[in-house]
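Just one chain follows, in the form predicted alone, and it is written as structure tokens.
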Amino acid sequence: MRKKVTVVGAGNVGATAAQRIHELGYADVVLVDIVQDLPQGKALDMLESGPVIGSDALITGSNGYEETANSDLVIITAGIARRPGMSRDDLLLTNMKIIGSVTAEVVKYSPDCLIMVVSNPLDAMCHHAYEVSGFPKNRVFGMAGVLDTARFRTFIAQELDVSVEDVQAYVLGGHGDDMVPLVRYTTAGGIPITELMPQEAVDRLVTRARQGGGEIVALLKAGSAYYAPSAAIAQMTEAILLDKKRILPCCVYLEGQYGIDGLCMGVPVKLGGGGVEEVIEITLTPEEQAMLDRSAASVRELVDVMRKNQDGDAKAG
């Protein structure tokens, strides 16, 4: 029997992720969105590609959660993008409410599932989903590090004119401008990139990786990236469905690892059938630790804003 994966949000990221997972053929997919008929139409279109791509997996669309019951993995991409005139806190609190309501529905119909959060601001939304779900920390995690690392690897491969397959890298911390690319652990063909390019080039690529999402937003003029994010989602999904125990950077709830306690942050983990099966701690230099601490402080600031709003709602109620 095939596994069951639900993707919540039929926008560009969610729909493209659903397509990639359907093409893998390992799981039946349910695509959920509040817009009437949108997920049904997209799912039917994808289903009809099955004979061409050789996938017998089913993909269906729904405006509710009944059809998602007993999912093995639920991927949450729902939320709004920041609009002109909208403050960061407005975006945060709006998406917090969306993620909270989605998570409650997910838990109701799939109490044994794993939850992958993709919605932004990623680390804060992952933290909120973890708290709302009441799930163990291994069953709620966020996709960001795989994407950020893929961008960094792409830029390095272009700079060196080598295959992306031979470039290995890690990007830790929050999914934002203060993410932490670990240059010491970044190699091309096993050779440290610091031996293959000058420091100026390394610094330039680190900066570009940190601003990778913004670069695409600026080029598109409307909307944000979805091809690379959906590929990152598919890689994590495959690691889970096939119990591959991949070592990947993911956003997870930390309890003292890397000196961070009670916060969701991007770190290397072992990802398999049980979700986050192990948080892998590596030794950081004082400079790297300081960068990670700054990134954690930015995420904690967002979590504090959410908590204050929840406290205010509780008092009002």
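Here the structure is a predicted model, which means the values were calculated and not measured. For every residue, the number given is its place in the sequence shown, counted from 1.
From this point on, the text means the form predicted in complex with adenosine-5-diphosphoribose (APR), which you will not see here.
In the predicted complex, every residue of the candidate spot (35, 78 and 102) has a heavy atom lying within 4.5 Å of adenosine-5-diphosphoribose (APR). Interface residue among 119, 237, 149, 71, judged by heavy atoms within 4.5 Å of adenosine-5-diphosphoribose (APR) in the predicted complex: 119. Only one of 248-256, 27-35, 51-59, 275-283 places residue heavy atoms within 4.5 angstroms of adenosine-5-diphosphoribose (APR) in the predicted complex, namely 27-35. By the criterion of a heavy atom within 4.5 Å, residue 95 is counted among the residues contacting adenosine-5-diphosphoribose (APR) in the predicted complex. Although the partner is absent here, residue 309 is not a contact residue: none of its heavy atoms lies within 4.5 angstroms of adenosine-5-diphosphoribose (APR) in the predicted complex.
When adenosine-5-diphosphoribose (APR) is considered in the predicted complex, residue 8 lines it closely, a heavy atom lying within 4.5 Å. When adenosine-5-diphosphoribose (APR) is considered in the predicted complex, residue 13 lines it closely, a heavy atom lying within 4.5 Å. Contacts to adenosine-5-diphosphoribose (APR) in the predicted complex (heavy atom within 4.5 Å) from stretch 203-242: 224 only.
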